[in-house]
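Taking the form predicted on its own, here's one chain by itself in structure tokens.
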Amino acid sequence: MAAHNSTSARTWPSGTIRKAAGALVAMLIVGLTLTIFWNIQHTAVTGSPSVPVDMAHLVRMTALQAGLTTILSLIVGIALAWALNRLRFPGRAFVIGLFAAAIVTPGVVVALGLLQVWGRAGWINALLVPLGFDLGSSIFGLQGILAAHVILDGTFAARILLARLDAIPKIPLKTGQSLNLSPWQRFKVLDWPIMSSALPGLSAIIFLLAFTSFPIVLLLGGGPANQTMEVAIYSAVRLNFDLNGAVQLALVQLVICAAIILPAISFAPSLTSAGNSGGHEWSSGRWMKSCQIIIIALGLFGFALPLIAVLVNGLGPGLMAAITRASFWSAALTSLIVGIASASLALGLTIVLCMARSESANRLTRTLISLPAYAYLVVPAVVMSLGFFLAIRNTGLPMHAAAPVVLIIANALLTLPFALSTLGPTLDTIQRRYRRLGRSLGLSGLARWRLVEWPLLGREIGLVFALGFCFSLGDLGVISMFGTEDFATLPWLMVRAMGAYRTNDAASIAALLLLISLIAFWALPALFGKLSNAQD
């Protein structure tokens, strides 16, 4: 190991610089995390909540909806991945791309889409009421929260598990086919072992995403009975201005999130494909094909219908009224500037951390470099926003001047865990595959980046930039602490429009948010791939 490191440092002079840069970035992130934590803890010990909080109920409700979301999402994800892996049909690539976009679809948009389909004035009720049935407002409550979470997290799980199934090599498939394995035997012997290895990390991520969910619970919760900790923190700050109560809630949430995510980091699945089985054909029987068609149809119905409702209702006659308001263009400009800046910052930090990690063969060093980025899964958006809010308040800085900077930094940090999972494995592979070639050619520094890494990383870099931009564009957690009449992003403007019963404006903003997110997620990786002259 020592000999390997010594050789690497001698033949790749830029390696030491990369390690130092990665260590510096990791320390800066740790410092920022400690600053947020200190401000929260300092406020907690200097006062007590003025509004009584039923902490046990909040923890129980938050854990219940997160646990049910995790179980249902994994069931949906496994079924969809299995069906998509088996079935070949025109448009399959589009369907997979649609499900992959779930990770960047704003939760606030999905919640609004469910209201437009299943709400009192939604599409389903419009069909049922003439027949004598009325669902009323049944979408509000735990069932609505679970439906929205499963739409997003179930399809996210399906994309991860499908990549695992597609990575099964040809030889085991040919062997299983020659042995005439039944569909159940094939699933048990070939599929389940490779999918089950991803389930611990995937479960932890889904549980944490649901545990820290904010916009979905805010819009579909239906009242205090279904309130979660994120919404309680928001209510304590924005509605009651009870900072001490919010801080104590934030501390409890931090402890629970840390207990979940820190052991799960080592199991975190990669967001990129692990390989390809080469399109091996193993036809299923007629009944199995029927099951697969039904599963995919139900998946498309559940995921696409709310999004179609958002587009149909949002791109109607009310669109012109919404986009001719000055507040819309101000919010749109703010969202774009913050999104681009946040994505750029996230990309820069990710590249530095990944390069430093790929230079080291020592497991402990790699973990120490990566851990600060993943640790931000422990700090939910509303808690992070509260920490920044308290830090600015304690230092006396003008809130309106600091707010844009906070949004850029906070959204970039929230992107880091997903960005590291996307870029890290690919950069590690490049390092293993081309180290000797680079050494023989004497490549280092910018030449190494320009000739070796950039052409091979172009698509992943575009994906990381798209993730950062879309996460920032759809963020409602961070802006919830800093949004005002004069400083708003599109999601904040949309929630304000809903609060003022301007539903047409809210629908139009949601439709535009959805379109921008989908276009960015699909176009940016292709654009960066083209710019880097990446070859498949």
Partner chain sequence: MSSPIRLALAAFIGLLALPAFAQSPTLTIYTYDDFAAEWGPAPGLKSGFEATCGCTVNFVGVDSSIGALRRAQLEGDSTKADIILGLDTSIAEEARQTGLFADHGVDTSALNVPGDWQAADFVPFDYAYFAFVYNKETLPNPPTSFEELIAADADLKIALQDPRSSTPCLGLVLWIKAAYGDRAAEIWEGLAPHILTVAKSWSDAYALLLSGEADMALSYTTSPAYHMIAEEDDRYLAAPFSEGYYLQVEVAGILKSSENQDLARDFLAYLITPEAQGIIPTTNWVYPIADLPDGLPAAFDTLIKPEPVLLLDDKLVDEKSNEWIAEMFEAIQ
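Since the structure is predicted, the reported quantities are computational estimates derived from the model, not experimental observations. Residue numbers count along the first chain shown, from 1. Basically, rigid core = biggest C-alpha set you can superpose within 1.5 Å across the two forms.
Below: the form predicted in complex with its partner chain, not depicted.
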{"query": "Residue contact check: residue 169 to its partner chain in the predicted complex, 4.5 Å heavy atom", "finding": "no"}
{"query": "Any non-hydrogen atom of residue 208 within 4.5 angstroms of its partner chain in the predicted complex", "finding": "no"}
{"query": "Its partner chain contact in the predicted complex: residue 404, any heavy atom under 4.5 Å", "finding": "yes"}
{"query": "4.5 angstroms heavy atom contact with its partner chain in the predicted complex for residue 400", "finding": "yes"}
{"query": "Interface segment, criterion being heavy atoms within 4.5 Å of its partner chain in the predicted complex, picked from 149-157, 251-259, 428-436, 229-237", "finding": "229-237"}
{"query": "Position in contact with its partner chain when the complex is considered in the predicted complex, options 297, 451, 129, 121, heavy atoms within 4.5 Å", "finding": "121"}
{"query": "Interface residue in the predicted complex among 344, 203, 244, 284, criterion: non-hydrogen atom within 4.5 angstroms of its partner chain", "finding": "344"}
{"query": "Candidate site 78, 161 and 518: all three near its partner chain in the predicted complex by heavy atom within 4.5 Å", "finding": "no"}
{"query": "Partner contacts for 501-530, taking its partner chain in the predicted complex and a 4.5 Å heavy atom cut-off", "finding": "501, 502"}
{"query": "Threshold 2 Å Cα movement between the shown form and the other one at residue 343, rigid core reference", "finding": "no"}
{"query": "Rigid core superposition, residue 249 Cα moves 2 angstroms or more between the shown form and the other one", "finding": "yes"}
{"query": "Core-aligned C-alpha movement of residue 400 between the shown form and the other one, 2 Å or more", "finding": "yes"}
